[in-house]
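Two forms, one protein chain; structure tokens for each follow separately as structure 1 and structure 2.
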Structure 1
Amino acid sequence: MTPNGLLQIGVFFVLILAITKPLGVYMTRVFAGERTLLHPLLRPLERACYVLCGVKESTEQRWTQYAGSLLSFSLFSFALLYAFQRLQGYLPLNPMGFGTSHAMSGATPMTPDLSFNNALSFTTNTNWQNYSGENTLSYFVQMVGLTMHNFTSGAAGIAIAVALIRGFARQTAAAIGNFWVDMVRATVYVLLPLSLAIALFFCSQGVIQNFHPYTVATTVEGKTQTIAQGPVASQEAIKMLGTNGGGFFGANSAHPFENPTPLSNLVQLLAIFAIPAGLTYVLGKMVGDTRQGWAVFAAMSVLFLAGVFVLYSAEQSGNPILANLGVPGPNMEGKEVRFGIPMSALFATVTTDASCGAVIAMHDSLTPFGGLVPLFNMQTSEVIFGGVGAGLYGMLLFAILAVFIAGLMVGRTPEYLGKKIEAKEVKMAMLALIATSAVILVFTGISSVADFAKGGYWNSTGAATTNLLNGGPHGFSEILYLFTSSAANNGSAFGGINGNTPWYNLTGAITMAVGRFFIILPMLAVAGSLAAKKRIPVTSGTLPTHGALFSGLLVGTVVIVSALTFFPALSLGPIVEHFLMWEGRLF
């Protein structure tokens, strides 16, 4: 690692630290319904949303009603995007004719299974894409379909986090807020103004925003090249801010039209972590003790810094096989050469800490230990800042387990933020962890040994092992990464695997749904249970949860639970590949 690289990582972290409190204070006021500086401009828009949707702003919901509202909205969003994709040939803003008989050469058809996968992907804030956007989707679908989902799925995640915080903050209450009000406020006051400002900044840096047909240029060799155009800046802003990650271009943020300068790259990184970091301060403010929020922030920061330095060190050390051939130096394969090893390592860590999935370096080209970091980041249920809202309610899940473990050690009923943690809360937390872990491991195991290429429905493109570019442990890592990314609602890909097959489209979609709703629903049940309880006074036997001791306990719980769950799978993939690399073997 170099001093310059360490400085770049340090500057990023200091900026995130500086953003956390002011953004957290602002969001606290927004979700409390208090007046903010933007109220004169945005309050009429908020009211209009309630009138159009028939929502009573003053009406609150029990956790079951809150969950029902989320599920009904998600189902409607899924159906709408599925229809847009299947019917894009009949919709406007389609200069390249996608979905028609005169589509551009090389266009990817939106088959039923691909449309199903993609619609569920954007509904669950995963944004996994088994296609290249510039070769597949019209401007209309990109804007009205995908970008709209980037806002609403992100807003839904924020709403769930706020509802869970209310469960800790309230006592003897039946309701945890109103899903529709929380989602409207998250969209109107948080995501919309920040996205507008960031999109305008991106335009100033050179990110394109137009409706032009694709440009056909003649290269110096006399060949023709098709240069994709489109409304990129508007999608790029919410892609990062909402921790969505789905790129307009297949190359994602490595494409110069999406990420043209070092400054745009820094702002993209800050946008990914800004809201998740700010929500930790919201937690402290709403429960009446900001130290609680900073303790969670500290635990997230320790895990983040550990990951980025392991990945940076692995890539800076390079491949020993090349060093033995007289080519020493860092591993530049698959890297964003404009930004170098430090920013590539930082971006890969940030995007998998959060459920973003945007990339500037190809994770399939990382060294084995370098690739281990993104995998493990996601296997923690992405609680290292995590997605907008998802990171906080995921970390609070681990906090429940942490105080439960501490209670077992000293023989006391566990407490957290003034509430007793009893059997129901622990069962719900374990249900969430087991469901997501099981779907990853089961589908990875089946896909690692199954070959459906012999006939039947799956033979349309082949499936499972027949679609791997690499064999051995690296091929296994590609499969494990696909299902881990899907369950973590991340959306980044290891590459080297053809995911656009009926098998991976359907199993990937199931995995995304489990990863989203089998965490949200148990956490909403926890919120309802906690809100109904009385606050417990602090005694000499109460475990302090606002200091370094608890932050360390929380970090240990995340690492131990995740490692125990996934160590066997990781041993078959990146860990064994690392030792084989030192023996001179590649895959």
Structure 2
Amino acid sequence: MTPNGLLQIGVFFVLILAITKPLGVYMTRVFAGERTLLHPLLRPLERACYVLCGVKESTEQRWTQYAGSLLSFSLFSFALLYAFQRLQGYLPLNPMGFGTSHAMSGATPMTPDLSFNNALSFTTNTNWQNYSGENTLSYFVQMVGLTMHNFTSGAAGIAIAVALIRGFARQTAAAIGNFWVDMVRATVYVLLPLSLAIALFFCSQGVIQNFHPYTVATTVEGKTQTIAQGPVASQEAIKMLGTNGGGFFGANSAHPFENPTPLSNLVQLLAIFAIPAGLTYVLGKMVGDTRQGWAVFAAMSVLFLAGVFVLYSAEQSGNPILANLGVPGPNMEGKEVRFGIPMSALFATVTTDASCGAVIAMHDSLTPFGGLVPLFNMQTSEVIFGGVGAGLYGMLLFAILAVFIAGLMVGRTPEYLGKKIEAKEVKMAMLALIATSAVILVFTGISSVADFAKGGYWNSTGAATTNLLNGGPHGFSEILYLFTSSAANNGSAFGGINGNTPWYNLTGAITMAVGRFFIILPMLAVAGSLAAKKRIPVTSGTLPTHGALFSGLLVGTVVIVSALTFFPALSLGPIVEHFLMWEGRLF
């Protein structure tokens, strides 16, 4: 590790620390319906949304109604995106003719299974992509379909987190807020203004934003180079800010048109962590004790920094196999020169801590321990800052388990943030954890052995393992990464695997849906149950949850639960590969 590399990581972390409070204060006011600086400008827009949608701002919902509203929105927006993708040949803003007979050769057709996978992927904030945008989707689908989902899936996540915090903050209440109001506020006051500013900054750095047909250039050596174009900056901003991560182009944020400079990259990194970090402050503020929020922030920071340093040192020490061939030094396979090792390591950690999934380095080409960190980050259910909203409600799930375990040790009824944690809360937390872990392990297991008829519908190349690019343990890691990323609603990939077959499109889609809704619904149930409870006063027997002791307990719970669940699978993949690499074994 170099001093300059450590400086970059340090500066990034300090900036996140500096953003947390002001953004947290702002968001707390927004979700309480209080006036902010932007109200004179945006309040009319907010009200227009309510009028047009027939929503009464003052109505509050029980948790079941809140969940019903979320499901209804997810259903309609999913269906609309599916239709856009299937019908893109008939829709405007399609200069390259995708979905028509004069599309370029080599264009990926939006088949029913691919469209299903992708519509669910963007609805669940996963943004796993079994295609490359530049040779698959029209500007209309990218912009009206995908950019919209980048906003709404993020806004829905924030809404759920705020509803869960209300469960802790309120007492003897039947309602936990109004989904439509929370969602409109998240979009109008938080995501839209920040995205607009970030998009303009990206464009100043070189991110493109136009509707031109692709540019045909004649290179210096006289060859033809077709340069893809499109409305990228507007999507790039919300892609990071909403922890979505779905690239406009196949190379995602490594593409110079998505992320042209190290400076634009720093802003991308900050945009990923900003809202998840700010929400920890919202938690503290809303329950009336900001130390509670900082304790959660601290636990997240410990896990984040540990991940960065493992990944960074693994990539810096490089690949001994290439060193023996005469190319010593850090592992630059699948990385960009302008970003280098420290920024690539930082980005790979941040994007998998948060459920972003954008990449500036190809994760498939990371060293074994370099690839282990993203896998493990996602296997913690994305709670290290995590997705917008999703990170916080995921971490609160672990907080419930942590106080439960602590309660068992001292023989007292566990409490968190003034609420008794009882059988119902713990059952719901366990349901969420078991469901999401089970889909990962079960589908990875099946795909490792499943045999299909060659030339058949489900996987035309035959066995599910024929879709892998790499052999040996690394091939297994490709499958494990696919289902882990899907369940964690991350979307980054060990990209060597060909996931665009009905088998992987369907199983991946199921995994994404379970990973999203089997956490959201139990957490909303917890919110409803907690809101109905009385607040209990702090006594000498209360486990304090605002200090280093609790942060440590929380870190321990996250690491132990995730490690116990996934250690066997990780051993078969990156861990054994690490030893084989140092032995010089090739596959």
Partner chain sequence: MWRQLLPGLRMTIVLTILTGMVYPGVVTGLCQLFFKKQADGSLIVKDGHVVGSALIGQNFTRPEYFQPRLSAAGNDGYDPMASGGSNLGPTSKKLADRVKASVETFRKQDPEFTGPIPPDLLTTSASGLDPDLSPPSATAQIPRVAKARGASEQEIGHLVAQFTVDRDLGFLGEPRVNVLLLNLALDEHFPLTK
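Between two forms, the rigid core is the largest collection of C-alphas that superpose within 1.5 Å. Computed from a prediction, not measured in an experiment: that's the story for all the values here. Counting starts at 1 with the first residue of structure 1 and goes up one by one along its sequence.
- The chain as displayed in structure 2 is taken from the form predicted together with its partner chain.
- Relative to the superposed core, residue 411 undergoes a C-alpha shift smaller than 2 Å between structure 1 and structure 2.
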